[in-house]
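Next comes just one chain, in structure tokens: the form predicted alone.
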């Protein structure tokens, strides 16, 4: 039995249990009536009762749409035609590219990232590596300069000592310093594979391609249960969700950690916006509205460090949620009105923008179901509650790409991970609560005077391989950062 069939069987069992349990527990009284052929009774009046029914209907429609979306993506990856249009390009006259390594207090991980970049198989004379050291207060600058000294002429550090905080603002300043037609952006904890740069650059031979996204794979999977669950989540998100959108001609998402951008495309849509929390989502939609293609390359793998602590995970997903919802407000109107995009692109693009709103909607649906159970009596209550129970389970799984995860495990041929599938429920609950909390903060707390968005840096778990003394010794043998650029007020 395949993981996917196991998933379907499990869902059938849960649905059957709901069929048996909910009517038995509801104790509904059949009551013929008038409106829609049924009567509603509530101690709070008919308006209250019908309002709850209407809201629950809306919640269920939304959950059903996202359920179908995940089904379509999973089935496409299992049985549909797969598109890897640029994977065959392995040798070419490769263009020059600047590689940004975004770093803010990254003393524990920056060295590994830079040293891995020294080992990639892209022509060294076509690749400018620029660590973007954004106002770090730890040893990040010291370690970068030590690596620069070990690889003279290979790295051009940018030590940003002032300016607006945030990754987008730092990238904006760094982009003004380069002279290449393309950039690739990594986070400091990422470790590029040897062939990654070639794979990310290959799609840019197509002049219509404005951005490229690679696949993110956790490298600290074995740390604990959380990292294993995040590994499953990443698999579903990239192996299935991103690749299915690529296959179906929908909206692959540019990610700001393993992604490449054509400078002319970036400039044509207004450059980096330094007032956003999710510069990658913001740029994805501006490129889409500007007529540029974004390509997802499933075989361009890069290795990241995922959170090993639930508190860190919650802060990370809250930051993503706020940034994503910020893009939802900014771009949904223009997206839906854009006549240059097909209807399916607009619909899928809007659903992608709204994905972080589904957690509070799901939690709202649970509250509604409780209110209906205790305050409303109607003839259709039993089947409605049955459907609610079934959809609540389905929606929870679908919100966190439950089916996509099962499919990804099957495609990755790492079937032992299927044993962890049941535990994803716990991760989804934590994510749902974190996202709902972030939405409330965004609607209420962040609007207060003196509040607003702030960048919450993700904690790193690796420790620096080079002690301070060794780094200092390395620095003492060379001139200090001969190519360093600094920003001053």
Partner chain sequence: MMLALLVLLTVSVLVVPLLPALREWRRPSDVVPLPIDEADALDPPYLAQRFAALLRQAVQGGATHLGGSGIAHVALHAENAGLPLLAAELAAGRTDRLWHIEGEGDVHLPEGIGFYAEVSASAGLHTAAHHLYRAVWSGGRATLAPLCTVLRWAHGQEVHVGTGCHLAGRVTAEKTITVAQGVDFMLLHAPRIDFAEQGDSPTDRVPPPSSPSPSSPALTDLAPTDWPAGVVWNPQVRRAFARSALQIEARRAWHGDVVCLADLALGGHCQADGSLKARGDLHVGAGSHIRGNIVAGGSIHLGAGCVVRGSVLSETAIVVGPGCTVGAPGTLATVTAPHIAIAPGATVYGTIWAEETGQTTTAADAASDEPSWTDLSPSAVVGGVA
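Positions refer to the first chain, counted from 1. Only a predicted model underlies this, so the values are computations on that prediction, with no experimental measurement involved.
Only in words, not in the display: the form predicted together with the partner chain, which the text now covers.
Contact check for 96, 173 and 179: none of the three has a heavy atom within 4.5 Å of the partner chain in the predicted complex. Using a 4.5 angstroms threshold between heavy atoms, residue 414 counts as touching the partner chain in the predicted complex. Looking at residue 164, you'd find every heavy atom of it more than 4.5 angstroms from the partner chain in the predicted complex. Though the partner is left out of this view, residue 461 does not reach within 4.5 Å of the partner chain in the predicted complex, counting heavy atoms only. Although the partner is absent here, residue 315 lies well away from the partner chain in the predicted complex, with no heavy atom inside 4.5 Å. Only one of 80, 290, 237, 360 comes within 4.5 Å of the partner chain in the predicted complex through a heavy atom, and that residue is 290.
Checking 349-357, 218-226, 367-375, 133-141 against the partner chain in the predicted complex, the stretch whose residues place heavy atoms within 4.5 Å of it is 218-226. Although the partner chain is not shown here, in the predicted complex the stretch 202-218 places heavy atoms of 205, 206, 207, 208, 215, 217, 218 within 4.5 Å of it, in sequence order.
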